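Let's start with one chain on its own, the form predicted alone, as structure tokens.
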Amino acid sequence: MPSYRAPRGTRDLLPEVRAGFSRLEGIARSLAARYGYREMEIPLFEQTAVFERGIGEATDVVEKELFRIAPRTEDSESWALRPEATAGIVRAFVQHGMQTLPQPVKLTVVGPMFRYDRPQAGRYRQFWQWDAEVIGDPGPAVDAEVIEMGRRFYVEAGVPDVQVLINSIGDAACRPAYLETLKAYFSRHAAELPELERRRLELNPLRLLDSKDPAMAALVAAAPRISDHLCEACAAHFESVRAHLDACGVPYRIESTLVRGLDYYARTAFEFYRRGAEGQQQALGGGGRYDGLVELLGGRATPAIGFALGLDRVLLALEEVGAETVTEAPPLAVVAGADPADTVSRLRVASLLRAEGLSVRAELAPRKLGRQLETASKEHAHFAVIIGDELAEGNVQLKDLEAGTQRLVPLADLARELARASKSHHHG
């Protein structure tokens, strides 16, 4: 048994799994470019206050799931690994003066996040997300565009039956009165509340609607609905979001208990689920509007909306529906040699082909030609470039491993021949 293992709740993305992640990342980056987003990177860790202030101290993320980093004695700052990307992106937006850029600013990040969560199917302590943020547009049209882009990601990834759940959680004008109503309701049932939820009742009763405790299900279902308490502006905004979704042909369902788990949301909130798999632990991704976060992190008041879509969850969903597994692309060709010892010629020819942009592997072990070709076939290479005595006259043998044919090709024409074959051949 190995002495060392990956930490509990993490896993190694072996090549056969990484290929699936690369495909999803490619779809995300393609969509982001089509919708006008600019990719950026933020640190894997931030000052703890960025998350405590931005996400909210009375959230599961900060209370139970934050990976805090123990600083060295000479460091006075407290840090934590990023549990999500929005707070870090907004911190960067403020720090680098992006409010002076033409608005809105569309930013995207793809990468790992960290939460000290209880490991289970689809939930890892290191997990991957595609995050997209639009900062500087208060209108309902951009809300619908963000939701439509998120749903399109699942369509292009091949996840079937993904539905959109939406809600409005009001704003600073109407939510305080609703929170008082909600607090009064849950206070009447205080004896039935789990200990954690009793504490949240005092800090932020909205969090109770987001509770993952099964004992809360009946109470949450009977709780007052925020849709009955929206101010005129929030109600109009939500109605316009729905009209824009209808215009784009995006099907959705209004979910009155959907509040998301983070404090910075306002007005539009949304989540993506596979139909029939709705539940706290089954969301494929989600997001919402957070018009107060930029100001909270030191900027001037700026509206914003965004989402985070979990790539791990998508791979799991594809596995559950029996989608074809994405594999690494095999090499177009393997350079082999009749003389097992002549690795110099094999490496030289492979280097020439790689310089032309071709995917080529060189056989650098001193093995007999039969073994070299056997390995190339197992790798599903399309061609074998066989170096023999013909090289002295500037020629090599090009063997089509799939068709079983072989012909003499001038070395000067080899790259062109392989490039033409590469365009007409589809691996996997």
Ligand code: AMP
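Quick note: we count residues from 1 along the sequence shown, nothing fancier. This structure is a prediction, so every number in the text was calculated from the model and none was measured.
The discussion below concerns the form predicted together with this ligand, not included here.
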*Counting only non-hydrogen atoms, choose the one of 282-290, 333-341, 234-242, 167-175 that falls within 4.5 Å of this ligand in the model of the complex.*
282-290
*Flag R253 as yes or no: does it have a non-hydrogen atom within 4.5 angstroms of any non-hydrogen atom of this ligand in the model of the complex?*
no
_Residue contact check: R115 to this ligand in the model of the complex, 4.5 Å heavy atom_ = yes
_Quick check on R274: any heavy atom within 4.5 Å of this ligand in the model of the complex?_
no
*With the cut-off set at 4.5 Å between non-hydrogen atoms, does A308 touch this ligand in the model of the complex?*
yes
*Would you kindly say which of F127, F93, F186, W79 lies with a heavy atom within 4.5 Å of this ligand in the model of the complex?*
F127
*So which of K106, R313, R151, R346 gets a non-hydrogen atom within 4.5 Å of this ligand in the model of the complex?*
R313
*Taking only heavy atoms into account, state which residues of 132-169 are within 4.5 Å of this ligand in the model of the complex, ordered by sequence.*
none
